[in-house]
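One chain is shown next in structure tokens, namely the form predicted on its own.
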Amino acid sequence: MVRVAVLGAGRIGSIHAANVAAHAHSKLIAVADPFGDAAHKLAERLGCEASLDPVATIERDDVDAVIIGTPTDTHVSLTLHAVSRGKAVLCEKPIDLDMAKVDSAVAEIERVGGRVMLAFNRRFDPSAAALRRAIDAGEIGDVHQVIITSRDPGLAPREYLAHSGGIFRDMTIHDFDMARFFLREDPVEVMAFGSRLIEPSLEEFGDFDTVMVQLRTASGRQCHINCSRQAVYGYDQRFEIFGSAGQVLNDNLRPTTIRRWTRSATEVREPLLNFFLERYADAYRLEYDAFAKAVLTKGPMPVTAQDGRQALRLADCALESALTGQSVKV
């Protein structure tokens, strides 16, 4: 049994806490959040303790592992405090928005042998995992191209966007991680384009709402990512992996697989799932299961702090490329 504390009682923290509470080999010890109402309400619902002090919660003797779902600017300090106390950590992305700070944190984690997993949940989505198994089994031969479509159903609140770190570090960072996951090779060059086609005022933050990215690896493998903050038809998440012996691809998820034919329309289907919490519910659950297994068996973490560092580096290179109009060497 792994004894877990969840730091952060917001949207992401609530997901993680519920998954811990439902896990057969885990016990949710506490939820910690400086905003007391959120922590108390979540703790009461899930039957655990509530705290206003994340640091004190990390230090509890009855906590083996912590999940960090707090604001990004707290990730490094909480993670390093946890590993200094010998606690395993599942930390939401990104580790931080500043690459120098991330490099320092990763070096310290590795120096002390810290057990840290980055929460790139999309790797654990059943469809994505099946695509990776097909690649590993050689079904499509050598991977030549990966195409990733990632579009949100609508703009996040302006206050969130102002502190998000920008579309590349906040949203497309998931796609950079999936590009590495499917290419099985790190990109060495990035070319990106950014536009403000939905909300021109994002220029105030130096941000974009519509981007396209090209990645190239040392062996010549390619990845194309197209990303938008607003798809009026729903949450659009698709992958296509093309190789020397064929291709594999997934489709979007819908509430059911029903199709309808009427006098006025053909093959009418239900709308796409409309939010990441619905689309990736299984991925979050399976992500926590993988973390718990690694903690209990003392096995390797499925996604490392170094993976988090690499995804952020690609995001930084993409932003530089979009701003300069030049390709950037990683």
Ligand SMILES: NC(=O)c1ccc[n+]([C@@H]2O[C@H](COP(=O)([O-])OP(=O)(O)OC[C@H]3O[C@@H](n4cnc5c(N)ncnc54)[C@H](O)[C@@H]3O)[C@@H](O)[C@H]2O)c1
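One-based numbering along the sequence shown. Model, not experiment: these values are computed from the prediction.
Beyond the structure shown, there is the form predicted together with the named molecule, which is absent from this document and is the topic of what follows.
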*Counting only non-hydrogen atoms, choose the one of 132-140, 240-248, 211-219, 117-125 that falls within 4.5 Å of the named molecule in the predicted complex.*
117-125
*Considering the named molecule in the predicted complex, which of 180, 229, 75, 87 comes within 4.5 Å of it through any heavy atom?*
75
*asked:* Is it the case that residue 317, even though its partner is missing from this view, gets within 4.5 Å of the named molecule in the predicted complex, heavy atoms only?
replied: no
*Does the 4.5 Å heavy atom contact test between residue 5 and the named molecule in the predicted complex come out positive?*
no
*asked:* residue 20 versus the named molecule, in the predicted complex: is there a non-hydrogen atom within 4.5 Å?
replied: no
*Applying a 4.5 Å heavy atom distance criterion, does residue 207 contact the named molecule in the predicted complex?*
no
*Can you name the residues of 22-36 that have a non-hydrogen atom within 4.5 angstroms of the named molecule in the predicted complex?*
32, 33, 34, 35
